[in-house]
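Quick setup: one chain, the form predicted alone, written in structure tokens, and binding and motion questions come after.
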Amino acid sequence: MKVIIDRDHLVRSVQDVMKAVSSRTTIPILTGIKIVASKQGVTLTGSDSDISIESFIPAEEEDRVIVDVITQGSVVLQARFFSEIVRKLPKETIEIEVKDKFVTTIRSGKTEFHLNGLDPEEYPRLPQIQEENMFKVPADLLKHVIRQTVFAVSTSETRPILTGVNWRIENNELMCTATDSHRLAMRKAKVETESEAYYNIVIPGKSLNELNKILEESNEPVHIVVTENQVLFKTKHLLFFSRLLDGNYPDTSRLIPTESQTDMIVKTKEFLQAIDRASLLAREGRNNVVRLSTLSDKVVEISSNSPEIGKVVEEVQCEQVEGEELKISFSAKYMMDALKALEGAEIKISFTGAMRPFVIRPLHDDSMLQLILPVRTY
């Protein structure tokens, strides 16, 4: 194999596929990146058997030659070294040549590296996915949906199913739910499906985080294909495979209260900053708990108390406070995560008593909500 390739394109592709390469893998060849040169261009693949990413660099784009494939072929190169080398090479183009026993020469300007490659035949094949079950989501919407849910997945392996985000698709609507059993994030979005498709899958949170880093902000559609145990996200030059989590996701709909006893409407930014200030002292304590008390129909008090350090009290102006008087305690971190995920200048928080979960929503938008369980403080 011998190719001459534009450095910037190669660096970008290598960075993308590196997100799937793990240094801690039981299969040694998976610490490498597979490179395949064909007439159409160069394909790079990285995988850790949970996630696989394939990035394609076309030979030409908009009448500009990006890759000159002199001899077709393939090789697997150590990802860690290859990615560093490519990033630090001096010139705009890079020549990659594979000789006997997969010894690979990488040249740029006056610099020449020799890397020992591995046999690409030993690299695991990517799953072949039939593309009949497909739906489309614009990339920027997909990024929002991931960002607004994935932070709420569980980080503990005691219930593996909760380490993923539940995607349900019905009647051209995608509903994403994540919970770690102390809080819950939900987001709905309209999608284009090919037929009256119905899916109910759980995608690992880790996979969605990596996908989010790779996707570019654009309204280009991302094609999403679901099979029994895999999901494929497909953009113009990228394939992103992830395994799905086994098991049934718990029914979270009954957790969301339908009525409330106390409602408050606040400006998102001001409320977030007040919680942030209150958490300054709470963070030192092991529990990071802040307390909210209603004072009048326009004012709530946010406070936090750390016996060893001191306490903080702040009054926050609200647009309105309705219903019963309330004193409630909750995790400052969970509240801040929830507020950062929501869009909109104003939010409505609906409480059903001091010990029941409460719901946070943007004021005029039903497509997203955050739910938090309060903390008992005595």
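Residue indices: 1-based, along the sequence shown. What you are looking at is a predicted structure, and each value in this text was computed from that prediction instead of being measured.
Omitted from view is the form predicted in complex with a further copy of the same chain, to which the following refers.
Stretch 82-90 is the answer when you ask which of 123-131, 228-236, 82-90, 248-256 has residues with heavy atoms within 4.5 Å of a further copy of the same chain in the predicted complex. Within 4.5 Å of any heavy atom of a further copy of the same chain in the predicted complex lies no heavy atom of Lys327. Under a 4.5 angstroms non-hydrogen atom cutoff, a further copy of the same chain in the predicted complex has Glu308 among its neighbouring residues.
Taking non-hydrogen atoms only, Leu115 approaches a further copy of the same chain to within 4.5 angstroms in the predicted complex. In the predicted complex, no heavy atom of Lys101 sits within 4.5 Å of a further copy of the same chain. Out of the listed residues Ile265, Leu295, Ala197, Leu280, Leu280 is the one that sits within 4.5 Å of a further copy of the same chain in the predicted complex by at least one heavy atom. This chain lacks the partner; the member of Glu95, Asp276, Glu170, Asp140 within 4.5 angstroms of a further copy of the same chain in the predicted complex by a non-hydrogen atom is Asp276.
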